[in-house]
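The chain that follows stands alone, in the form predicted on its own, written as structure tokens.
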């Protein structure tokens, strides 16, 4: 880990709970600005709210497509991504079709991701593979397909499925995509120590709802 690494700039400050309110999202954005997190990650309904709150700052707006199951029609995912980008999203975290991966229907997996990549335009696409549901071979295959289909990042988990990020999965994902594609670790990351372990394993973005707590621990340890 580089000595000049700023951990806060690797964090996507996240609130994807269905009960989140507009006030909650404004608070999320204010915290992201105060801590200089990389992005605020939120559901598509709130993209325009976040875009207004974050205008003129260096914090990106991150939203989702096909979340959290990845099982909707590909055109629906692409439409959702396009609308989010039009509303001000800088990044889209989409869930790939996990069932298609498990069925080895890799043509469908590719087309599903490629459609969202096209819809994103210049916005960054991250592909959530829901690693806990896949074998190690499927994780590697999913990551490689995501890159070929236009993803700039692969991401470990939605946080709505089985246990989230772990060091082994991040290492597999990093090996699969090589050094030039981003790897985002997400779900269940609540301590600075764990975040740093995941970064050491190959993550260059951390998705968490505990960013404030993580930064407090991180600064106290320095």
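Positions refer to the first chain, counted from 1. Since we're looking at a predicted model, the values are computed, not measured.
There is another form of this protein, the form predicted in complex with a further copy of the same chain, and it is not shown here; the text below is about that form.
a further copy of the same chain is not shown here, but in the model of the complex it comes within 4.5 Å of a heavy atom of residue 16. Although the partner is absent here, residue 123 sits far enough away that none of its heavy atoms falls within 4.5 Å of a further copy of the same chain in the model of the complex. At a distance threshold of 4.5 angstroms between non-hydrogen atoms, residue 85 is out of contact with a further copy of the same chain in the model of the complex. The shortest heavy atom separation between residue 79 and a further copy of the same chain in the model of the complex is within 4.5 Å. Remark: none of the three candidate residues (30, 164 and 209) comes within 4.5 Å of a further copy of the same chain in the model of the complex, counting heavy atoms only. Stretch 64-72 is the contacting one of 49-57, 177-185, 30-38, 64-72, since its residues have non-hydrogen atoms within 4.5 Å of a further copy of the same chain in the model of the complex. The partner is not shown here, but in the model of the complex the stretch 90-118 reaches within 4.5 angstroms of a further copy of the same chain through a heavy atom at 97, 98, 99, 102, 103, 108.
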